[in-house]
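Given next, in structure tokens, is a single chain: the form predicted on its own.
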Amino acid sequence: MTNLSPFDIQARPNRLLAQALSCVLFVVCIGLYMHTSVERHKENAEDRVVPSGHQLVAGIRSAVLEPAEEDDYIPAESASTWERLRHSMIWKDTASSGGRFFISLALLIPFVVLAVHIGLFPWFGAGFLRFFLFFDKIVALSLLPILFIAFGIDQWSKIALIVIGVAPTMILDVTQMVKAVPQEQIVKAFTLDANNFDVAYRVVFRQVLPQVINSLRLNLKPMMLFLFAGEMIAASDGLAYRIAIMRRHMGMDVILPYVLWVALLLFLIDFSLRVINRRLHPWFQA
């Protein structure tokens, strides 16, 4: 058997090599950052645009162990690390943004159920489909002033922005999944004395649920994008609010850890959804 080159479709790296290759770009990016930081600090030792390792450690420490400037809490000298963490800037911001994010995630569930009905029941499709086709073309961020007027600048305006920005697309996506279920399966279910509820939720919904979870995974980043847009414009706490505040002071030593923290949170949510999907639907192959 001839040796295959890396550019052959049939070529497969072994597991160890695949793991090593997956780390290459991370190492390259870290190396480029360190090189840029060293060069900039040679010209200006106080440079804050590309923080040095020491500056990043100090920024992470202040974010993780110190309260926000606007917070009235002053930790005692004898306060434990856990107490400092619980009152820290990043804890408060993560709790605020996380609450808005997961409330929005929960509010998407009824829209998924509606999409199943739109794709399966002709009367629902006639009543709702064209409306969501049109509503999906409205730029959600253009509605932000209206949402601020209607809901105020508190968290419900941000939650409404996320739902309005993501729900129409998910509805259309799930509707297409439902329509792709072979009609023969639906007819067969009725011949086995199934009722409409059985067909909708025991045949169709169970079949498309793994795809719905994958669709939700793909919408995690747009959800966070809409949340950040709302928090950066009008908020008194949250991850995006803190990044906007730090930008005014050129606080890249805090901004970069925050950006990586948000990426890590989204990665963990995505990983959790993948694990749940694999455990609940071992038969599904994406």
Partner chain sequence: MQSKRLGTFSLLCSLALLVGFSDAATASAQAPTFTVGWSVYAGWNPYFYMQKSGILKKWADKYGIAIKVQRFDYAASLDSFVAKNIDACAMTNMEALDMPAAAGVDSTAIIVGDYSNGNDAVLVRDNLTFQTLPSKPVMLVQKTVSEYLLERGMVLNGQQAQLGKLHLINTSDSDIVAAFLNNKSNEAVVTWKPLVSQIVADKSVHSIFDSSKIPGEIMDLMVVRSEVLNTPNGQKFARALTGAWYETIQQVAAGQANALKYSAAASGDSVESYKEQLKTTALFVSPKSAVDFTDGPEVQQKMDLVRLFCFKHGLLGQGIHSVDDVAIAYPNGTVQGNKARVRLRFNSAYMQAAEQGKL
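Residue numbers count along the first chain shown, from 1. Note that the structure is predicted; figures quoted are calculated from it, not measured.
The following text describes the form predicted together with the partner chain, which does not appear among the structures shown.
S.K.: Looking in the predicted bound form, is the partner chain within 4.5 Å of a heavy atom from each of 84, 217 and 239?
M.R.: Contact check failed for every one of 84, 217 and 239.
S.K.: So the partner chain isn't shown here. In the predicted bound form, which residue out of 182, 110, 145, 122 has a non-hydrogen atom within 4.5 Å of it?
M.R.: Answer to the contact question: 145.
S.K.: Consider the chain as shown here, without its partner, and state which of 57, 27, 234, 259 has a heavy atom within 4.5 Å of the partner chain in the predicted bound form.
M.R.: Selected option: 234.
S.K.: Classify residue 127 as contacting or not contacting the partner chain in the predicted bound form by the rule of any non-hydrogen atom within 4.5 angstroms, answering yes or no.
M.R.: Judged by the heavy-atom cut-off of 4.5 Å, residue 127 is well away from the partner chain in the predicted bound form.
S.K.: Give a yes or no for residue 49: in the predicted bound form, does one of its heavy atoms lie within 4.5 Å of a heavy atom belonging to the partner chain?
M.R.: Within the cut-off, so yes.
S.K.: Would residue 250 sit within 4.5 Å of the partner chain in the predicted bound form, counting heavy atoms only?
M.R.: So residue 250 counts as contacting the partner chain.
S.K.: Indicate whether residue 62 is a 4.5 Å heavy atom neighbour of the partner chain in the predicted bound form.
M.R.: Close contact exists here: in the predicted bound form, residue 62 approaches the partner chain to within 4.5 Å, heavy atoms only.
S.K.: For the stretch 145-164, I need every residue with any heavy atom inside 4.5 Å of the partner chain in the predicted bound form, listed N to C.
M.R.: Sequence-ordered list: 145, 148, 149, 152, 153.
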